[in-house]
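Quick setup: one chain, the form predicted on its own, written in structure tokens, and binding and motion questions come after.
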Amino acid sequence: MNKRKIIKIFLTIVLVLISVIALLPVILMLFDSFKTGSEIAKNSWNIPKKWTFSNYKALMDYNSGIMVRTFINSLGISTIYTAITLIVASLAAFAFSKYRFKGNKVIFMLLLITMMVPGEITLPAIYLMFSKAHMLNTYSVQIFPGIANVFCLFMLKQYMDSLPNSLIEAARIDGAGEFYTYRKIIVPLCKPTIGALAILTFLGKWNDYLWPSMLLTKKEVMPIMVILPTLNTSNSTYSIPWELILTGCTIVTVPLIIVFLIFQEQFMASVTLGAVKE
């Protein structure tokens, strides 16, 4: 056995161990969601001795079905937010990348500077602004304030800069309009980057806790991530229903897996972008 094969086997073993360590909490979460509270206390590290779906039913019936309502809220808000954010970012990136206008570089630089400002600093001003606009406790306040995503703009612009301008010039010669060129040429070519950003944007919005917890007080419009930590079936703060919390964590993980499966080809393609220069 040569040295290269030994190194390959060693690296394979290391990667398998890292994968097991990374997946272990997720597997335990899944198994514990099918256990009762008493079994979790006694048998939290093994396969359930008696599989039960009572936790899922209890979670759906919890507080008059508030978990189902907030799950639908999260799904709708995250999907709409992701779609609008990518549309706005791709249009802006197309303008900054393929058009030359006065102040192009200055405006883009100012937008990049905003990425260096922590979001927590702007929360008081944002709260006052939306309070004056009577937008608190609405779905709108969870969607529209963040659609101007500078990170998505930056990533898309960097990719569009690599696209040859001759494609756009050829389209204009053929009589294509600007929006047609954007929709039929630019967007299809940017699918790898858009797919990767779709996953990251959806994931960020789905896991968002600080923003909705600051701007919302009505449970009916809250996302599930704000409601999930408040689960309690008794008046005692020390009686935490871990079986329901683990079941809720399992449920909120499912949409993330589905989104990744939908965009996995584009995401994996985006990983190798720029790796090989011709």
Partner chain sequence: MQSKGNASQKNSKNSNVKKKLIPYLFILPFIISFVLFFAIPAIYSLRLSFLNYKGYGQAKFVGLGNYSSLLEYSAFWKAVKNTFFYFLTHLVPVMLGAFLIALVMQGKAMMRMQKVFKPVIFLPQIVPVMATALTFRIIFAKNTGAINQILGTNAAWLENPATMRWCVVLMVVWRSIGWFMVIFLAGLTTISKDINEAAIIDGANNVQIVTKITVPLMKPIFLFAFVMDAIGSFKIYTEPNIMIAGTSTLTTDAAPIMNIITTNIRGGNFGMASAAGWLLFLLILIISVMEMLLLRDKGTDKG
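Numbering follows the first chain given and starts at 1. What you are looking at is a predicted structure, and each value in this text was computed from that prediction instead of being measured. Between two forms, the rigid core is defined as the largest C-alpha subset superposing within 1.5 Å.
Just so it is clear, the following notes concern the form predicted together with its partner chain, a form of the same protein that is not shown.
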{"property": "Residue contact check: residue 120 to its partner chain in the predicted complex, 4.5 Å heavy atom", "result": "yes"}
{"property": "Partner contact for residue 109 in the predicted complex: its partner chain, 4.5 angstroms, heavy atom", "result": "no"}
{"property": "Residue 229 within 4.5 Å of its partner chain in the predicted complex, heavy atoms", "result": "yes"}
{"property": "Heavy atom of residue 252 within 4.5 Å of its partner chain in the predicted complex", "result": "yes"}
{"property": "Contact test, all of 206, 210 and 213, partner its partner chain in the predicted complex, heavy atom 4.5 Å", "result": "yes"}
{"property": "In the predicted complex, residues of 77 to 113 near its partner chain [heavy atom within 4.5 Å]", "result": "88, 89, 91, 92, 94, 95, 96, 99, 101, 102, 107, 111"}
{"property": "Exceeds or equals 2 Å, Cα of residue 222 between the shown form and the other one, core fit", "result": "no"}
{"property": "Residue shift check between the shown form and the other one, rigid core fit, residue 42 Cα at least 2 Å", "result": "yes"}
